[in-house]
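Look below for two forms of one protein chain, each set out as structure tokens: first structure 1, then structure 2.
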Structure 1
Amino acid sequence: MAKLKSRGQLINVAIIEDDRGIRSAIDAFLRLQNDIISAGAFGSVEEFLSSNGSAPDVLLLDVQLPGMSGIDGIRPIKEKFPGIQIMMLTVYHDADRIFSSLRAGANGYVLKSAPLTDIKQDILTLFSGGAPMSPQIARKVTEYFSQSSGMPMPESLTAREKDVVHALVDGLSYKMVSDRLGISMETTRFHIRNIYEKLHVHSKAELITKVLKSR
């Protein structure tokens, strides 16, 4: 976490955004602020990493970028600038991108639709140790916890369904699950349908991931 600069010092803020219009609009806005210095506006992660500029305090990072995605850029950026605070600035509010970003080390996640004055406030919050999130992002984050707390096994699953889940979580194919439980592939499929419905997943991978990541 960056140390608080004393009152009157300025926050160096860089931005990586491939859309030139958005990039220059935000950059121009930041240059008008009294407490923010623009540390540069870049079109890609690669461009940013290869620049010779000094370490920014804060980076506004788009998700959808040419070449390396913003999410994939988080780790290398944090390796090069260990004290940097990264705030994702993006149109995407799907859970996958939110959590991938946070896992990679992003410190904030806000939507581009927010007014520039909100983004300015978010930068200040980020820099002073907070973690700005647009409301619906924060909601998805809290829901992540409440949804993942019912594991290991919801009471809604029958005993047989639990057997099937255990077999799937061991990495077995449908055929191997059937062999293990002594039932037909069709029966395995029948149970799997019910499991997916009850656990709100849509694939074997999602199921395994959900179960194992909640332990």
Structure 2
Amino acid sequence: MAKLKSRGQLINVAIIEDDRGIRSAIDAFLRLQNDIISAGAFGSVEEFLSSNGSAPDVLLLDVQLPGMSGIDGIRPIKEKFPGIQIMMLTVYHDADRIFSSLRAGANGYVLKSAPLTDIKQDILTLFSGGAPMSPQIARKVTEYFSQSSGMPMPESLTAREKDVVHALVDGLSYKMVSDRLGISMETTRFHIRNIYEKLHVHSKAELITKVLKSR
């Protein structure tokens, strides 16, 4: 699980992006932030894996890369840096790439078209244990499940916990989950803690991945 950001703690962020212009623009922006340290900007997964720098806390990873793709690179990257949090940064928002990334172990999925300030906020969210997704991506996830004939759930979950999972997959915040189900925020948090413990997950992205693998 991602560690919580304490006051004054800097986040090491690396980028793997083959477009030099995009890579340089994001890296330059992040270097201007007072709570982020650049851990390097790389043009390929192979270049990143062969580097001898310190382990990043967060990695912005492009999907379509020369050589090994971003999706294929997730596993070896996490093997080398077990604690790393990976956010896919891409122009693609089709369902296959989204779910392939999540299944491979990505912790978030956002679009390159997002403003740089939003990308920074997504980095902070990811580092603090969240699972950032661009609104377009969250919509794709919701559409996927709404078009399914039913979303299978592990038998270990109670009926109410299954309701909470459905609400989270629909992209609802904790408050919106509480409002939909008519329960308090404290009760919502209690159910989510139990769900995460039962399914051995630590984030919304991991939860979605777990459900997808049960299909």
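These numbers come from a predicted model, not from an experiment. Just so we're on the same page, rigid core means the largest C-alpha set that superposes within 1.5 Å between forms. Just so we're on the same page, residue numbers count up from 1 along structure 1's sequence.
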property: Form predicted on its own - which displayed structure it is; result: 2
property: Residue shift check between structure 1 and structure 2, rigid core fit, R20 Cα at least 2 Å; result: no
property: Per-residue CA shift, H191 (Å; core superposed between structure 1 and structure 2); result: 43.6
